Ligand SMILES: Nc1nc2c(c(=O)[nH]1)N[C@H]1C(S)=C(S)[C@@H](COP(=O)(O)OP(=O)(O)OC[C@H]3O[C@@H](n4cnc5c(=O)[nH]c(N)nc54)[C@H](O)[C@@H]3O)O[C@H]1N2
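Presented as structure tokens, the chain that follows is alone, the form predicted on its own.
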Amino acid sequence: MDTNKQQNVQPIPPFNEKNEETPDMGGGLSVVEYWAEHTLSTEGPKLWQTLLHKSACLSCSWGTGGQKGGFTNETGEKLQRCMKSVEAISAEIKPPIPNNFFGQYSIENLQQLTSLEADRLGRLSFPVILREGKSYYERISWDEIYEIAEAAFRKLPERVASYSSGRSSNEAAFLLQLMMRTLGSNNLADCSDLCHAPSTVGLNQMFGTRTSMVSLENLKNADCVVLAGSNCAYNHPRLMNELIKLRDRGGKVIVINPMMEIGLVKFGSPAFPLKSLLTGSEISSLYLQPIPGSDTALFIGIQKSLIEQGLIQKEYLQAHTEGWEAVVENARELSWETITNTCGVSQAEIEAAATLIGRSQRVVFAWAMGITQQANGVDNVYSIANTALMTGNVGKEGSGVMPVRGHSNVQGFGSMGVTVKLRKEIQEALEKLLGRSLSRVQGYDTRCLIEAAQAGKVDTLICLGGNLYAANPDSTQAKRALGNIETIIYLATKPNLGHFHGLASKNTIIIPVLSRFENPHKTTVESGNNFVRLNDEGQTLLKSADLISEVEFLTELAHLIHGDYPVNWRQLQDTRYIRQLISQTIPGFEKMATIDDTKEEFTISGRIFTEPRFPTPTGKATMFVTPLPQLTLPQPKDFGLPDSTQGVVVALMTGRSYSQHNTVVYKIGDRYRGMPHRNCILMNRVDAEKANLQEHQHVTVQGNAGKMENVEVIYGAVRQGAAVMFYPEVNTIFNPLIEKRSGTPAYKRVPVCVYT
């Protein structure tokens, strides 16, 4: 194949029909307008105060901030804030909810609110409780909170659980897991169980590491990036700056996504006002649109083409991997017909991708939830990493595997031991601290927690941030399961749907906590590229508020439960002492011992690989053969619909809108996809017209757990056989397949029937 023709072989994918509302590029002047609207408004002074505070961004794991200043990334580059960071801060500096609010609105009233409406109520500024048999939250004293909480944590350890999100600090995460494991419970469910766990499982089995192997400095040396199942133009806009710079230096970007995300085709970044903001920068060199859930087949196809073109690095495989022969043989033996029929991408497109990868010197393979939220998510991760290894792109400068994670500290929680799959080194260190063995009872991940609660096996639940109710599929099941728990304690800065629907049978307590930039003590967080940032002390802008820091609440609760065993818990309210414990307990965090004195933010040791030697028993990477997924769709009758039903079955991908952070919705529409509100389904025109559906027609969407009615059909650039609806609203209609090795639900391939 002529390499000159491969430079931009397919920057726009085959299924590219945009609707009349979709812009010609992502980013651009609309971002600047948003900044101006908010930073020059009455909330402007508070926004700027927070933006300039020395603390890490509240938004994604690519966030900036820390000791180098609010707009600075880990390499010292300036002007690295994005619109999502302003959205997140703007929500956190809202006025407090009025003192009489909860007395005026019953639970029935509050359950009518949308996610956006709940978020806009304002900041939580005093603790409240919903008691058994009552219809209204009421204010509660701290003495009673601790009395109820202590009694709840005196239950049998296996009946006590926690759930957490990445908006908190490393210090709070470490306290949570130490308190729970000292109790004898391993039930440390985390939001990452629903999103990123297949990456953790797959990378650990292959390389003996669980996180990105690529630093920001490393990424700057790449000449090709493969971006699969990610929409970083929406969710990690800072990463877009790196892709723009890569393209400017002659590098290539291969995008793999069943939907054409316009920001991954062209993006206008305010960081480059002269060359990018107005006209936009070309992002994708090659854009492939596989069938949802078929990524393993696509990457095996790339491997097959690499073999046929003589582009695999056999000497590298022999020296640095195990199991490579079976992986190569599997790709060689599978027919092109089987591969292309499974993934829906043509042989020519796959060969183009293989040529770009095989002839690049330094390739970074990046992915997000389109890869992991599948029934075969771990196999997807294997197949990507196999491809990286076959081309020698692991363990050298400018290359590697890079899961792109969401919350600003979701990775930090895993590092601190908030996981049901605890690293052996951390287990041994904790056992030394405790002077005894940890419980060997298998803990509940997030889906297992819901199943256990539904079965009446959970008495007590503490939620450190997050929205356990709305983040789970099958909202009816989640509500019923949480309703079986006696006591639920929510620590949060703002109300969310979980506080109104995820109600305990006896006591539901909402504790208002200080946000990252308000804490009276220093804290740390970890970026998705293994960089630890230090957050300065701050103070809340809420006057006369009755708030508490997460660290203070957890240390006091732990003191009540455990006394002074195995540590002086109250002393840990000075977070310097927590960081000392972290430095002694968590591998790679040794520099935490001196960070208070040095202010030196650091890359966690042992995670960035520039040589092909890995922390496995042999020092080699282990490769795994990946079976092809079986991707048939049911028929309308399988949903209990009559044979006369006029409709079409599609593979639904659930996702976030542009102005959304996880379950928190900031705007009801999505201008980049041309979806005007939350009750839309984005479909390929051909699929809709096969069922005699028209754009803007209102339809019913039926899943295996329920249905949504009056859903508006929107035509968009999604491949045939696939469709898109917004999470968390659509969660109510399905109970998906679960990736058995990781516990992650297959949110990105949900069979639904669309009919009138």
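Treat the numbers as computed from the prediction; the structure is a model and nothing was measured. Residue indices: 1-based, along the sequence shown.
Below, we refer to the form predicted together with the ligand, which is not included among the displayed structures.
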Is Glu92 close enough to the ligand in the predicted bound form to count, meaning some heavy atom within 4.5 Å? yes
Taking the ligand as it sits in the predicted bound form, is Asn731 in contact with it (heavy atom to heavy atom, 4.5 Å or less)? yes
Check Ile578 for me: does it contact the ligand in the predicted bound form (non-hydrogen atoms, 4.5 angstroms)? no
Can you tell me if Ser230 lies within 4.5 angstroms of the ligand in the predicted bound form, counting non-hydrogen atoms only? yes
Exactly one residue in Gly400, Pro258, Gly412, Pro403 has a non-hydrogen atom within 4.5 Å of the ligand in the predicted bound form; which is it? Pro258
State the residue from Gly358, Gly392, Gly465, Gly443 whose non-hydrogen atoms include one within 4.5 Å of the ligand in the predicted bound form. Gly465
In the predicted bound form, does every one of Arg210, Gln584 and Ser742 come within 4.5 Å of the ligand, counting any heavy atom? no
Any idea which of 127-135, 275-283, 221-229, 561-569 reaches within 4.5 Å of the ligand in the predicted bound form, heavy atoms considered? 221-229
Contact set, 469-493 vs the ligand in the predicted bound form - heavy atom within 4.5 angstroms: Ala471, Leu491, Ala492, Thr493
